[in-house]
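One chain follows as structure tokens, the form predicted alone.
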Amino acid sequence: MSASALAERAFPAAADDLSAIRALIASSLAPKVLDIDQKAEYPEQFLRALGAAGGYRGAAHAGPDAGLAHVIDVMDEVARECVSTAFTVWCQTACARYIQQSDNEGLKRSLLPRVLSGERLAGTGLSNTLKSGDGIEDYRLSAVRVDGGYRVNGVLPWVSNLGPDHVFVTGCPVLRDGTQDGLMFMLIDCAQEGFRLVDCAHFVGLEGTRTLACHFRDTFVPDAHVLAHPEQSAEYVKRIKPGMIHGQMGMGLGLVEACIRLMEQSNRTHAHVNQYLDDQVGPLRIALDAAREQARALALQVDAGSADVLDILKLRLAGGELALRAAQAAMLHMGAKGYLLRSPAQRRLREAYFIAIVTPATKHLRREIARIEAARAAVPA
């Protein structure tokens, strides 16, 4: 049975599972948010329960009430409470989509259903791969072809949603005679020989995401765990990149919703002075509603393989900028109360900055938009 068919049979319909997911967030995530933010608690129990409730099924089951639109809807709901946890949801669903969109039928049968159900938690280590492919930084990993697979060496400094029993996907160039012979994409089991997780720098936010350094030392990756060999990688990137980027929209949508609610809360007692601030509830709500509508429409296009990459990049950029705008507005509306350690306003500000700097960051997005627009302008009509 395909992963898509399994998802359709195993999980409830979209309206039903979103209702169940909201209840799960209220009961299992909301009470833990301060511990996640201030004590770096990893929400493992919630992530597994979310999978069991159908929260990840959109990563393998297409349709107007499923597919990438469903992934974004779930992330939106989670981010209204906690962007840190929403980011781990993105990691889980992104990894599932990488497997689903590969030609590796064995992993689709054996592993993908376990990732979709939350039985196996998963990360994504394609930040360096994406930035290196766009000429922003050098590749941190390299591989050489050996009998039955590849040997991989190097260090990825920051990969999220990891643990000793987790898996993740990454990609790197294959070297032959000292030169690059294309990219290879692979699934890594964090417990496998030759691989090690190392605690890395601590951050001002998103500490509950289990972001660790990944050390490869002659790590053997069998062909059974390869998602794309060098001769397949160009087409594979075209399949996974649009959904990888667009899937992040859920984080920003949920955060903006939360910020608007903080502004409304403040306005119950301070509307008479908040009215002088630049950003108000009404215009932000209009912008959020428009972004949600665009995100859903574009998600359907991504699933159909008809989305324009420029539209994806521009909406992702707009989503990050709207998150920054809304978080600042919430902080200014809340005033001194927003500056308290336990206040959600200051946490939302830190979360908004994360949305603006996570790969692809604001500067990365603007660079790629400018590059693509310049290339298209240079083509004769």
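When you see a residue number, it is the position in the sequence shown, counting from 1. All values derive from a computational prediction rather than experimental measurement.
One more form of this protein exists, namely the form predicted in complex with a small molecule; it is left out here, but the text below deals with it.
K.L.:
Of these, 211, 102, 266, 117, which has a heavy atom no more than 4.5 Å from the small molecule in the predicted complex?
P.N.:
Only one listed residue qualifies here, and that residue is 211.
K.L.:
Have a look at 199, 165, 278, 137 for me and say which one sits with a heavy atom within 4.5 Å of the small molecule in the predicted complex.
P.N.:
Among 199, 165, 278, 137, a heavy atom within 4.5 Å of the small molecule in the predicted complex occurs only for 137.
K.L.:
Only one of these stretches, 252-260, 227-235, 187-195, 137-145, has heavy atoms within 4.5 Å of the small molecule in the predicted complex; which one is it?
P.N.:
That would be 137-145.
K.L.:
So in the predicted complex, is the small molecule close enough to residue 157 to count as touching (4.5 Å, heavy atoms)?
P.N.:
Close contact exists here: in the predicted complex, residue 157 approaches the small molecule to within 4.5 Å, heavy atoms only.
K.L.:
In the predicted complex, does residue 363 have a heavy atom within 4.5 Å of the small molecule?
P.N.:
So residue 363 counts as contacting the small molecule.
K.L.:
Would you please decide whether residue 354 lies within 4.5 angstroms of the small molecule in the predicted complex, comparing each non-hydrogen atom pair?
P.N.:
Contact check for residue 354: yes, within 4.5 Å of the small molecule in the predicted complex.
K.L.:
Tell me, yes or no, whether residue 358 is in contact with the small molecule in the predicted complex, where a contact means a heavy atom of each within 4.5 Å.
P.N.:
Yes.
K.L.:
So, 75, 288 and 318: all three within 4.5 Å of the small molecule in the predicted complex by heavy atoms, or not?
P.N.:
The answer is no: none of the three residues contacts the partner (heavy atom, 4.5 Å cut-off).
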